[in-house]
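Below you'll find only one chain, the form predicted on its own, shown as structure tokens.
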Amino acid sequence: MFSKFNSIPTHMDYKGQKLAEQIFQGIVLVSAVIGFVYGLIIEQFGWTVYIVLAGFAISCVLTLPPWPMYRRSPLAWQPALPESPVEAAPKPESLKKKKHK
């Protein structure tokens, strides 16, 4: 059962993060303007809040899950270095600068 959850992608690349942030801000901004204008026209502040909350909910559904449109530019990782034996660290005494006379 848990293997099904492990197969779900949970990452988003940097360009996808930027796109998600722009979409989120745009939807919230547009819904705030629409809500403000509509609430001003009908003189009910409650409708302004409802419209902004609806915009927030829509933007969360569109931007929080890692949709495929946010994973179009994966990072090219460098190949792994082969394992090598750990070299002995230099002694702290040899790292001290000697005073010149």
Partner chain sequence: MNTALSRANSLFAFSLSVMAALTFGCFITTAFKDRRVPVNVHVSRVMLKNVDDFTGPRERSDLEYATKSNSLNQVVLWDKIVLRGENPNLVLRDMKSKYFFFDDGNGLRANKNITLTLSWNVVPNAGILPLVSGNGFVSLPFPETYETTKSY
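This structure is a prediction, so every number in the text was calculated from the model and none was measured. Residue numbers count along the first chain shown, from 1.
As for the form predicted in complex with the partner chain, it is not shown, yet the points below apply to it.
Looking at residue 54, you'd find every heavy atom of it more than 4.5 angstroms from the partner chain in the predicted bound form. Remark: residue 15 does not count among the residues lining the partner chain in the predicted bound form, judged by a heavy atom distance of 4.5 Å or less. The shortest heavy atom separation between residue 32 and the partner chain in the predicted bound form is within 4.5 Å. For the chain shown alone, residue 78 is not a contact residue for the partner chain in the predicted bound form, no non-hydrogen atom being within 4.5 angstroms.
Residues of 22-59 lying near the partner chain in the predicted bound form, listed in sequence order, are 24, 25, 28, 29, 32, 36, 40, 43, 44, 45, 48, 49, 52, 56, 59, the criterion being any heavy atom within 4.5 Å.
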